[in-house]
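Next up is one chain by itself, shown in structure tokens, the form predicted on its own.
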Amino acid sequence: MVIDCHVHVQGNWGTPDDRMGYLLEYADRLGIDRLCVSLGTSRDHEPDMDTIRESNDMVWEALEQHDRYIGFCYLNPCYLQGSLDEIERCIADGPFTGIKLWVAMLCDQPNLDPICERAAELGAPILQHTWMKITGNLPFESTPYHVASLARRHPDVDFILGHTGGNWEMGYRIVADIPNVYCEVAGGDPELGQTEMGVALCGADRIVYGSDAPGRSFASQIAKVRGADIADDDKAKILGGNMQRVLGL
């Protein structure tokens, strides 16, 4: 099984079924079986809870229409009680499996602790967007350093290091000694050596494939794994085996 751990809701054209079915047609070309989907069509950096709920409702529609999607519940930790309520609605009482965090708050802040505690109880992994930009990050955009701090506080939660910080050569090194952090190859250009370095520093059991589609193509991102100079068994782990374990499939 090939599992793409990082996919977003397709844009605002057509019906939800049109948008998300169209995305699956492209996944089929690359042999991608399951897709973890999160975030609606809003790109508000500080979304209110109405926007958060609307975003998760878009994902919920995709889950009801296509059984190949796996839902990740989008949260804004600035609204702690609202986030905890949304975890109950979408994960505890709904069809979602994981949690997605973006740029509303640095992820090492105290508001994240109750969210992580509930995630641990539910066995829900947390996908946290990270980047390290030479031009400067967004005001509350987390880096691998922030994820490392949070993951050490919550060793019973599985964290997916979104984009491995963009600068993956640094990202791998920052979390190499933290066993509950999985490094993701999603987003960015398909650079030579990205997957090989992850396997060398963190081990094949802690690297996961993702695309960040539709913002990035499935082909350019999965090529990072299929074209890597690593063992076939390691490719199988990265392309799906590791996420099967994380998601409890």
Partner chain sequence: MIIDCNANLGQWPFRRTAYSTPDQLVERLARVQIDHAWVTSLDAVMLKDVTAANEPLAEAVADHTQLTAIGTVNPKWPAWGSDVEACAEQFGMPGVRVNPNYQSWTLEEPVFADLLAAARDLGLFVEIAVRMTDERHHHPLVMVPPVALSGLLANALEYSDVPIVVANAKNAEAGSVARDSGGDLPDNLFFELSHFESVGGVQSVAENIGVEHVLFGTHAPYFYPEAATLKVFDECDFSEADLEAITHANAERLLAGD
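Residue numbers count along the first chain shown, from 1. Keep in mind the model is a prediction, meaning the values are calculated, not measured.
Keep in mind the form predicted together with its partner chain is missing from the figure; the text below concerns it.
The partner is absent here, but in the predicted complex a heavy atom of E169, alone among E121, D113, E169, D85, sits within 4.5 Å of its partner chain.
Of the candidates T41, S217, Q65, N180, S217 is the one whose heavy atoms come within 4.5 Å of its partner chain in the predicted complex; the others do not.
Listed stretches are 103-111, 133-141, 88-96, 152-160; the contact stretch with its partner chain in the predicted complex is 133-141, by a heavy atom cutoff of 4.5 Å. Taking non-hydrogen atoms only, G193 approaches its partner chain to within 4.5 angstroms in the predicted complex. Contact annotation: L30 falls within 4.5 Å of its partner chain in the predicted complex, judged by heavy atom distances.
Its partner chain in the predicted complex is not approached by D233, whose heavy atoms all lie more than 4.5 angstroms from it.
Taking non-hydrogen atoms only, A228 approaches its partner chain to within 4.5 angstroms in the predicted complex. Along 20-40, residues Y22, L23, Y26, R29, L30 each place a heavy atom within 4.5 Å of its partner chain in the predicted complex.
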